[in-house]
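Only one chain comes next, encoded as structure tokens, the form predicted on its own.
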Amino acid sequence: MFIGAIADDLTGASDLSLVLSRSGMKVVQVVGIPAPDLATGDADAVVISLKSRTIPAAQAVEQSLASARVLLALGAQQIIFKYCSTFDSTDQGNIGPVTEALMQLLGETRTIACPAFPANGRRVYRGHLFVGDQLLSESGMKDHPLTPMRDANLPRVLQRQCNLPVSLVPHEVVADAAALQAALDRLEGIAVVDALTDADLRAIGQAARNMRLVTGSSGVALGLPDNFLRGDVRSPGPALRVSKGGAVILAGSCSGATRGQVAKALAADVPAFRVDAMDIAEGRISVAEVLDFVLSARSGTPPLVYSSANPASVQAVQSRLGRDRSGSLVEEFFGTLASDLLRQGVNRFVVAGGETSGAVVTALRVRALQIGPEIAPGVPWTCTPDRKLALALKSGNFGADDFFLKAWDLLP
């Protein structure tokens, strides 16, 4: 095994697994901290998906270190710490604390932080993260219910989380291979690295070949496989085919992209049921009611169950229930619903949102996933090793407006 990766949520793990797979690596994606005797076969890369993005920083550190120790015991030569391309975090963590803890475990004094993902419009310039044409702090992420991003200056954001010095490798250095290599070789601490294109990311990956720890979005992995494979591309695995069964869309993300996908589905007359945290809390809605709705709407495009709402509505609910309780109510609802649907023969799930995906996969007791075809940049179809369950786990920020309508075209 060459690369061992730790992702702070499920959708990010699938995203990274897709990048590594497309680069020619045989990839195993594991859900949760694996047992030390994890069987990985002839995998070139193992990606561990945690649910650590928004838990207390100390817990995120503990889970990440436990995962890293398993990966190192399996022979991983390089560790990737994967987080979202919108750098979802707060001044209390978790990106900085986890990065420093992994550096200490590995005995490293330097690493990079590069959340750029140009295919999805995430670029870093002069240390500032852009979402499309907007600064991160002016995008929809500024009102994220769990990790509101009000500062686009990543060195400044990361330094508030870290004890080690945080510096910047600007784009003019990235564009010069020799200068980039020299900058990383003399680095002490953590460097935020500018990246505007996939070519930049490949150059960064090549320059980071001797680093035992690399951190960033899945884009930072574009240039890493070549350091190990050197053109020796493995043959692809078998096509993703799963047992026939029912299908459903579960959308828990409140990001602008997911809200746009919900609106597009509603405009296309997709059968839909909206779930509200207050309705759950006050007993006005039940899992059994939504289950009956899904099972009665099995013709045409699969039905949509969604809790997606605009920032004002989310804040109003949080002010009454509290942030943690409002989120956990919806996640537990979706998890129970998914489990009940599986028992009724629904085995194809499109899930939007990292927290929602974590709840659904936990409820379905999924422990490992195989990577299938790419639906949109950063979003593959996946299936369980026994091919009885198919899952598309979508970051809330990813995908075009017609994602919920087109995803099914790629599933046999």
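Only a predicted model underlies this, so the values are computations on that prediction, with no experimental measurement involved. Heads up: residue numbers just count along the shown sequence, starting at 1.
Not pictured, yet referred to below: the form predicted in complex with a small molecule.
The three residues 122, 219 and 379 each lack any heavy atom within 4.5 Å of the small molecule in the model of the complex.
Residue contact with the small molecule in the model of the complex: residue 314 places a heavy atom within 4.5 Å of it. Although the partner is absent here, residue 252 lies within 4.5 Å of the small molecule in the model of the complex, judged by heavy atoms. With a 4.5 Å cutoff on heavy atoms, residue 145 counts as touching the small molecule in the model of the complex.
Among heavy atoms of residue 139, none comes within 4.5 Å of the small molecule in the model of the complex.
Out of the listed residues 111, 94, 326, 78, 326 is the one that sits within 4.5 Å of the small molecule in the model of the complex by at least one heavy atom. Proximity to the small molecule in the model of the complex, taken as a non-hydrogen atom within 4.5 angstroms, holds for one residue of 184, 103, 309, 164, which is 309. In plain terms, the part of the chain that comes close to the small molecule in the model of the complex, with a heavy atom within 4.5 Å, is 349 to 357 out of 28 to 36, 349 to 357, 42 to 50, 365 to 373.
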